[in-house]
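The data below hold one chain only, encoded as structure tokens and taken in the form predicted on its own.
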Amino acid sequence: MSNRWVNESRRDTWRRQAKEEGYRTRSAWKLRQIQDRYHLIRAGDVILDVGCYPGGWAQVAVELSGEEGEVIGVDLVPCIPVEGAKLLVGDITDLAIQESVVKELAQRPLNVVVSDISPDITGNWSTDQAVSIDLVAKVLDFSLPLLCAGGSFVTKVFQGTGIDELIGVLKEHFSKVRRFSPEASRNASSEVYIVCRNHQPWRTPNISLTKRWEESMSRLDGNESGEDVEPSTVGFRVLKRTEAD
């Protein structure tokens, strides 16, 4: 009971702080803490926010990129407008939505892609976890060609089988790839964020990232590892997030 009380108290703390700062959800603090640790977003950056509902991450992205920046959000669930952001409704893996994103970019490359997506939960952990990583791979296949050299990518995945293989594939695109657990999500032990920095497009293989991840999974021996998770010091179907997220 004491551990449950501590977790509930921690959630309430981040929720109260989010409300005080004007953020729509507690999850905005996750991106804030990722930014504090890795400094991914800079003034003037062009940012794609995948799975943007209900808008907390878009708020932070607008705040960090400033008036000269541009934030484009995509989600299946319609989101209340966020001042300074363009929010699209649809499936990020759908060709029509992808074309809309490209149109909004108007030939400007992306500097950062942030993604807090979650799959529809079936209750089967192995299935949900695999779908989570598969979604990430598909988002990467779309967004990496749009990401500038030196750009960054951060996404949520569920811990478990396949993360090491995904990280191995990501290292073919980025010089720095880390797993990170923000303090604001410490109570949810199943999620972890993969933070990728310094995109190197000249290293991009000819085979899609999804295909390479699938091939890597076919060779998987079943071992899992979570040793490199770095704690904090301070279609495309999404799970609708609430104020408690």
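One-based numbering along the sequence shown. The structure displayed is predicted, hence computed values, not measured ones.
The form predicted in complex with a small molecule is left out here; the points below concern that form.
Undergrad: Out of 62-70, 34-42, 47-55, 210-218, where are the residues with a heavy atom within 4.5 Å of the small molecule in the model of the complex?
TA: In the other structure, the partner sits against 47-55.
Undergrad: Whether Lys156 contacts the small molecule in the model of the complex should be assessed with a 4.5 Å heavy atom distance threshold; does it?
TA: Heavy-atom contact with the small molecule at 4.5 Å: present for Lys156.
Undergrad: Decide whether Ser143 counts as a contact residue for the small molecule in the model of the complex under a heavy atom distance cut-off of 4.5 Å.
TA: Residue-level check for Ser143: no, no contact with the small molecule.
Undergrad: Contact with the small molecule in the model of the complex for Gly84, defined as at least one heavy atom pair within 4.5 Å: yes or no?
TA: Flag for Gly84 set to no.
Undergrad: According to a 4.5 angstroms non-hydrogen atom cut-off, is Ala130 in contact with the small molecule in the model of the complex?
TA: No - in the model of the complex, heavy atoms of Ala130 and the small molecule never come within 4.5 Å of each other.
Undergrad: In the model of the complex, do Val74, Asp91 and Ile117 all put a heavy atom within 4.5 Å of the small molecule?
TA: The answer is yes; Val74, Asp91 and Ile117 each reach the small molecule.
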